[in-house]
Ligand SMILES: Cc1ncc(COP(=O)(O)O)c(C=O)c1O
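So this first bit is one chain, no partners, the form predicted on its own, shown in structure tokens.
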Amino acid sequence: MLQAHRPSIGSEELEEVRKVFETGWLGMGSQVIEFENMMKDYLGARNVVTVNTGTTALHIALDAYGIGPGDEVITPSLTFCAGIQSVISLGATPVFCEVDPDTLNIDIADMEKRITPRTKAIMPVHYCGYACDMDRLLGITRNKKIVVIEDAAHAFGSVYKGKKIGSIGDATCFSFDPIKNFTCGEGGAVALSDDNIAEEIRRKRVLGISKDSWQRQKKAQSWYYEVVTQGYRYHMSNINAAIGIAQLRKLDRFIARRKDIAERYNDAFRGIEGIRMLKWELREMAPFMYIIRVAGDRRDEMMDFLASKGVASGVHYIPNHLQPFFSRYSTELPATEKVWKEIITIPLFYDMTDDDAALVIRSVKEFFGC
């Protein structure tokens, strides 16, 4: 079965991990600092703080900005549940909004209608790596003093008007799990410009301790520490950072290949009756997934057909306002409910061969009788 996602890892990652083993310092240390500095340079960000998952990146960013009970956070319903769980865990209220059916990004007009005096943050999602309209979004939120915490789990390497995602808004959260554009095995990061908030996140990721063990190890009384804020065990290890260092060196190559495959899909599927293409501009996009909309309630039928041809597929995602645990926050989102019944994710990853891409194209066309 040709999988929909797969990491590309090899000897370079093993070599970086070997270096960590030789030092004997497996926790957060010099490799984490090196990895953060590499990302700062790549993104053009003032601060990058690593954590252990993309979910904890969202949670710790919300917490550092003081989001809590009584506050509302507006987010598209069509996203992974991680962001919603992060909001709820802080005692805040998620407010679901629509997505634009042509891009699957946040519907900014619908979002604006849902702003109330209790709205303290917006969590837009750069869906599949396609950047939201950040100028319009920030123009609305800055006038209202609402923080924008971007869920860029899909979008490391993507660009908006010449600037890397991670260098534009208030805070940008990334994920480096095994299937993302590049991986640390597991990991995440928050990129942001505010030095004070960045320092708060650094403390919170090590249980609220003012200086982590790497910072203390060369000082007198290295055993002494102070807990100065609410914190969590969210730090990244040197092992995960080492994998990320090797992967980040390859990222531009990874993105170029993903774009090449996505262009092949665009050329093959454009004009097929029954397929609704999303309106993405690949030029500035680091494509994480490739999604098409299947008309006529045939999405599930198509998934079964592709599986019979040896091609895996997926659905990203089931809207959160339809999930049982989030039912108390549910609202009517007709555009979202329509589009999620049509979307299908087909294979896209760096190590796909031209023959793999041809198999996907041939199978999709055969389903539609082309």
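Everything numeric in this text was worked out from a predicted model, so none of it was measured. Numbers for residues come from their place in the sequence shown, where the first is 1.
There is another form of this protein, the form predicted together with the ligand, and it is not shown here; the text below is about that form.
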In contact with the ligand in the predicted bound form (heavy atoms, 4.5 Å), from 30-38, 50-58, 333-341, 301-309, is stretch 50-58
Which residue among 240, 181, 172, 79 has a heavy atom within 4.5 angstroms of the ligand in the predicted bound form? 79
Of these, 153, 104, 97, 165, which has a heavy atom no more than 4.5 Å from the ligand in the predicted bound form? 153
Is the ligand in the predicted bound form near all of 157, 263 and 265, within 4.5 Å of a heavy atom of each? no
Contact test in the predicted bound form: residue 286 vs the ligand, heavy atoms, 4.5 Å: no
Please determine whether residue 177 contacts the ligand in the predicted bound form, using a 4.5 Å cut-off between heavy atoms. yes
Taking heavy atoms and a 4.5 Å cut-off, does residue 317 contact the ligand in the predicted bound form? yes
Since only the chain is shown here, I'm wondering whether residue 129 would be in contact with the ligand in the predicted bound form (any heavy atom pair within 4.5 Å). no
Could you list the residues in 99-133 that come within 4.5 Å of the ligand in the predicted bound form, counting only heavy atoms and keeping sequence order? 125
